[in-house]
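The chain below stands alone, shown as structure tokens; this is the form predicted on its own.
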Amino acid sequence: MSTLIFGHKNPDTDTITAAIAYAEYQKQLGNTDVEAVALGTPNEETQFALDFFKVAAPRVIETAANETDHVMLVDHNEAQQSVSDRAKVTIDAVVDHHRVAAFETAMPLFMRLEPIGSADSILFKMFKEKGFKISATLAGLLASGLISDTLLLKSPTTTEDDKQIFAELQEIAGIDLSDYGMKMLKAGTNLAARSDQDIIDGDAKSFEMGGKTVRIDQVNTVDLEDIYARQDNIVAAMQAEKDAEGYDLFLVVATDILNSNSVGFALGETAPLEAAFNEKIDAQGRLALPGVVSRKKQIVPVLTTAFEK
């Protein structure tokens, strides 16, 4: 019975590659009975990375307890972002770079948490600390997660450690990671190929804030006009999901990765949102978020504070 290793629902590049990397780390530790899996299919950006480095996507699972008693988590810890039957399995380890919330276990476990740009950055450190081998392919995957979560080191979540790790990964991978990274990020901005539902769910996470359920999705683009052209349909899809799931606030953030600005579309309890950013939703139903590119560092903390007032 293998221990399953996985990241959060609606997986992004960091969560998929971190699961693959942590499985390799466990195998080099001598724990060979592990498997990297995913809680959803890779998005276009992630698939670009997997294809580039010729790595198969992890198989997708809906539940874990039907096939294992033990799991390890990467790139998340909050229950609402994890596998639906998480309470039925033992969590042996967590490697994460997000806030800790809605998390408790019955048994002791290994935890490695750092306020750094990506889960892959933490894993790179762990490999180095043990003197474990990092192949060119693995370096490329680790770099892909780092590039994705830091928007090629432009996000405010980027630390000096991330920059140093990027330089070391580039040497190991043996490619120009800046050129590769821009191509990878752009691969994830092909909105024409995505449905409205996929746009609002593709990188969505749920959070508990002040007793409220807040759903935040982020979608990257190289031209916000592509989002504006579909705004009515996107908002209609948001409304249907909000009604079905009972979110108190549903926020979709469209991020221009070239100019490092975002715009938000929101339904529900929008007063805390406007207060958090000192901005009003305009007549076109848009919330300007200049300079905002990071959900983790620039959205979730200030919005949590606003809801808890």
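The structure displayed is predicted, hence computed values, not measured ones. We number the residues from 1 along the sequence you see.
What comes next is about the form predicted together with a further copy of the same chain, which is not displayed.
J.: Could you confirm whether K212 comes within 4.5 Å of a further copy of the same chain in the model of the complex, counting heavy atoms only?
T.: No, no contact at 4.5 Å.
J.: Check whether E104 has any heavy atom within 4.5 Å of a heavy atom of a further copy of the same chain in the model of the complex, and answer yes or no.
T.: E104: yes, in contact with a further copy of the same chain in the model of the complex.
J.: When the contact criterion is heavy atoms within 4.5 Å, does V100 count as touching a further copy of the same chain in the model of the complex?
T.: Because a heavy atom of V100 falls inside 4.5 Å of a further copy of the same chain in the model of the complex, the answer is yes.
J.: Can you tell me whether P301 touches a further copy of the same chain? I mean in the model of the complex, with a 4.5 angstroms heavy atom cut-off.
T.: Result yes; P301 sits at the interface with a further copy of the same chain in the model of the complex.
J.: So if I measure heavy atom distances to a further copy of the same chain in the model of the complex, which of the stretches 146-154, 170-178, 112-120, 221-229 falls within 4.5 Å?
T.: Only one stretch qualifies here: 112-120.
J.: Taking a heavy atom within 4.5 Å as contact, would all three of E44, H76 and P290 count as contacting a further copy of the same chain in the model of the complex?
T.: So, no: the whole triplet misses a further copy of the same chain.
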